[in-house]
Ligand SMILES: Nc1ncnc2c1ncn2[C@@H]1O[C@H](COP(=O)(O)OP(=O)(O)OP(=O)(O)O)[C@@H](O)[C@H]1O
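Form predicted alone, single chain, as structure tokens, below.
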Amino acid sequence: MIETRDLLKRHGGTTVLEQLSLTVPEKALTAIIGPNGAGKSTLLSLVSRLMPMSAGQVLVGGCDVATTPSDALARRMAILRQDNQSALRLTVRDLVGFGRFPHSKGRLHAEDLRHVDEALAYLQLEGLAERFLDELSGGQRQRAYIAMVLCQGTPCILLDEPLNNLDMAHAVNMMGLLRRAVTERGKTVVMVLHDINFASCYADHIIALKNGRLAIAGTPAEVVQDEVLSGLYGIPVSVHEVQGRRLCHYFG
């Protein structure tokens, strides 16, 4: 479980996150939504200690992120940021193998190689394993980076806009894979999403941020409502139920 207590982040004189206290349920898929500038990516960066907090506390599995040793933290959670492109000429297999660093310290053993092969298969990348990253499409590279994160073998996975560079079919496939990681493998997956319909259809829990504060958190049924989303985004949003799923229609 991830918990934040009175989390505060300032950049100079600008407050990006303020008094943010929330709980992310364990073994569930949580989507973080909200308008641009709401603090979604900043929240992930603070939770993963990629960015120092100005005040407050973050607990992951009961461990204080600020004081937990880096190697221990890397065995508890993995993060994929938006700016995940590598300048190195790597094969897909090499990249995925980097996910084992917290366990292998750069020297892959038989167990590490097993995890690499499993991650490649899970993301349907076996046929691309020996290809270089710069030879792949944007969507294929995104899948390779997510395979690297899964290969790390952590109970908690943080993903910042994992559907970037994916077309509609690949985005649906990716959400299905992440849904299975929760259902079949007991992972705790937390992701920033811009598409409310993906959040509604695949998430167990939704956290909505606005202006650096928590607007609402709850199940899709509680969050995906006309008045909630209209107030969150400042535009008219109409929610309809289609085949048991709550879908949004928005217009200017």
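Since the structure is predicted, the reported quantities are computational estimates derived from the model, not experimental observations. Numbering starts at 1 and follows the sequence shown.
Keep in mind the form predicted together with this ligand is missing from the figure; the text below concerns it.
Residues of just one listed stretch (62-70, 200-208, 183-191, 40-48) have heavy atoms within 4.5 Å of this ligand in the predicted bound form: 40-48. Only one of the listed residues (D94, D112, E118, E161) places a non-hydrogen atom within 4.5 angstroms of this ligand in the predicted bound form, and that residue is E161. Residue-level contacts in the predicted bound form: of V16, V239, L22, V228, one residue has a heavy atom within 4.5 Å of this ligand, and it is V16.
Using a 4.5 Å cutoff between non-hydrogen atoms, P220 does not count as a contact of this ligand in the predicted bound form.
Shown alone here, S137 lies farther than 4.5 Å from this ligand in the predicted bound form, counting heavy atoms only. Contact annotation: Q82 falls within 4.5 Å of this ligand in the predicted bound form, judged by heavy atom distances. Among heavy atoms of G56, none comes within 4.5 Å of this ligand in the predicted bound form. Looking at 47-77, no residue comes within 4.5 Å of this ligand in the predicted bound form, counting any heavy atom.
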